[in-house]
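One chain comes next, on its own, written out as structure tokens in the form predicted alone.
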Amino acid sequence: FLCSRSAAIHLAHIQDFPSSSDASLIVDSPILYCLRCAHTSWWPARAGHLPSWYTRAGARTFGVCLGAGPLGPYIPLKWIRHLPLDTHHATMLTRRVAGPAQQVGLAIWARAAGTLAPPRNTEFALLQDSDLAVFDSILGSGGVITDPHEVDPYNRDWMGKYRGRGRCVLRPRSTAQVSALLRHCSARRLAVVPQGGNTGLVGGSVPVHDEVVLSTGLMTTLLGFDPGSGALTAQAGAVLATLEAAARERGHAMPLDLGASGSCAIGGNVATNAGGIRLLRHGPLHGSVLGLEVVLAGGQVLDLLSSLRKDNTGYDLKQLFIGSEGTLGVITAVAIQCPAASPATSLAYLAVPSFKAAQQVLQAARQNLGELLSAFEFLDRESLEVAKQFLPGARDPLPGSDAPFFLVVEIAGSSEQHNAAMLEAFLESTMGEGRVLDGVVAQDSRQAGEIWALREGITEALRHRGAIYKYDLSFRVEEMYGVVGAARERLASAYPSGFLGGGAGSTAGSDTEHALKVVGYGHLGDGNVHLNISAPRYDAGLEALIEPWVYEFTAAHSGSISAEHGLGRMKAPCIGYSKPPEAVRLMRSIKAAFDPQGILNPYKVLPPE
């Protein structure tokens, strides 16, 4: 059977069919598999020819035909092997469901999980006027937003890829208000999405269906700073750039630095375990966060807001909330260790002849610059060309270079003279060996800012260009760029005559309106590559060529499908590519212990059961 609609579908695992008759219906029917069915009106294959899109996209990647009929939205993986498919289709399907996905019974999306919402949990209550009245009584004037136009930005993610249907936004100012709100939502079983700056890239901070948005946007108070230890304490909604300025005024620095620092909130940073460009120097937030205040699903306040560096009493519960993406509790305050600010910072922008050379320069930097090294970033030629064309004010620091790769190397030390001497010796050595072709050292903060704006603005430039398929992956450093090359080859092979009127893998320096571009950049010092595939619009066939192939490639190279962006809605069905079944089962038990009704950020992080 073929579906009579052209819509995204997904394939997921459930324990069994609703009835044996349903099972026999599937097993005895000549079902064909398509990417674009989410409809109950199916065409018998013998009744007509296959639609053109099936031969174009379905022959390469496809999923099980699904609908809202008696079988519900899922087809169990265990029945797939019994379906009467021809050899080609059976081989394709087996390849797509084997491995980690089948082991944990997680969902495999033929399109991104965000573009097709998982079914709404019918156990969640629907928002009523009586609920709004309670919220008003807790928050007072301006604390509850219900106007559709004002609610809309809270329903949309930063990239415009994910959109929910939430009708209400709650804006508390205190932990006590958050507690009262969650106490009511728990009693009514209303699903809630915690939201900070809404700068996430995997759909983790916006509703999937009609969940209530709990925004920390008004919880922005700097609660304290200990000059002796450098411990800064703030409410969860405090904007990272504001905290950076506060720490700098006190001779310290925040231990993370993100491109979205002007809008992201510290609570969201912690909830997603954000990394950033200086993780190489400061390490992950698991080591920098000293304490947290968290409100649990039932409204209980868990006060772990200690600023002590050492506390070895029992389980370190705060670690569970770092990277939990709001699924275990709502972070309302953070205590974080701020290191002393370095008096002098130097920055170099380098051109290198190959990715192998980039690795060698990193090794040399670790050996020769040692503790001075604070950031080591890379971008490929394609990233540079997109930034130059679509990022307002972007300038090429080395306009005469045709190198395929570029590095941004930052050191921070006690004096400018010492930095200059160390950097000069390092560059003389690497250029003499041919590992660095050309380079420029920023002469002042303005030039340094321009270089960082170029590197950090690549995502913004890609957004101006069109649709973005973003993948935040980590590998061993020597293997991390392989996924970029493999993606280019895969898409060029699939679209030899171009994609939607343009060429796949356009040459550097050219940029037609409809060309696909595959770009790679990221944190070389951490083994974290940002694979971005830019297209004129989101397209089901293109997305199906990318996913789950990109996750299969990552798993095959022992990488992680999420280095720093989290799983959110986009990657929740795919956690099995990076975590074994036992780990996923343990995560479910932790979720059940902290949030028995599952009301906190549902449909995120963990795959559907």
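Quick note: we count residues from 1 along the sequence shown, nothing fancier. Source: prediction; values computed, not measured.
Although not depicted, the form predicted in complex with a further copy of the same chain is the subject of the following passage.
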Distance check, residue 243 to a further copy of the same chain in the predicted bound form, heavy atom within 4.5 Å: no
Residue 327 within 4.5 Å of a further copy of the same chain in the predicted bound form, heavy atoms: yes
Exercise: residue 136 in contact with a further copy of the same chain in the predicted bound form, heavy atom 4.5 Å: no
In the predicted bound form, residue 556 touching a further copy of the same chain (heavy atom, 4.5 Å): no
Non-hydrogen atom within 4.5 angstroms of a further copy of the same chain in the predicted bound form for each of 415, 567 and 582: yes
a further copy of the same chain: the contacting residue among 223, 440, 302, 494 in the predicted bound form [heavy atom, 4.5 Å]: 302
Answer option from 367, 445, 128, 354, heavy atom within 4.5 Å of a further copy of the same chain in the predicted bound form: 367
Option from 170-178, 388-396, 483-491, 285-293 whose residues, in the predicted bound form, bring a heavy atom within 4.5 Å of a further copy of the same chain: 285-293
Within 4.5 Å of a further copy of the same chain in the predicted bound form: residues from 251-287 (heavy atom criterion): 251, 252, 272, 273, 275, 276, 279, 281, 283, 284, 286, 287
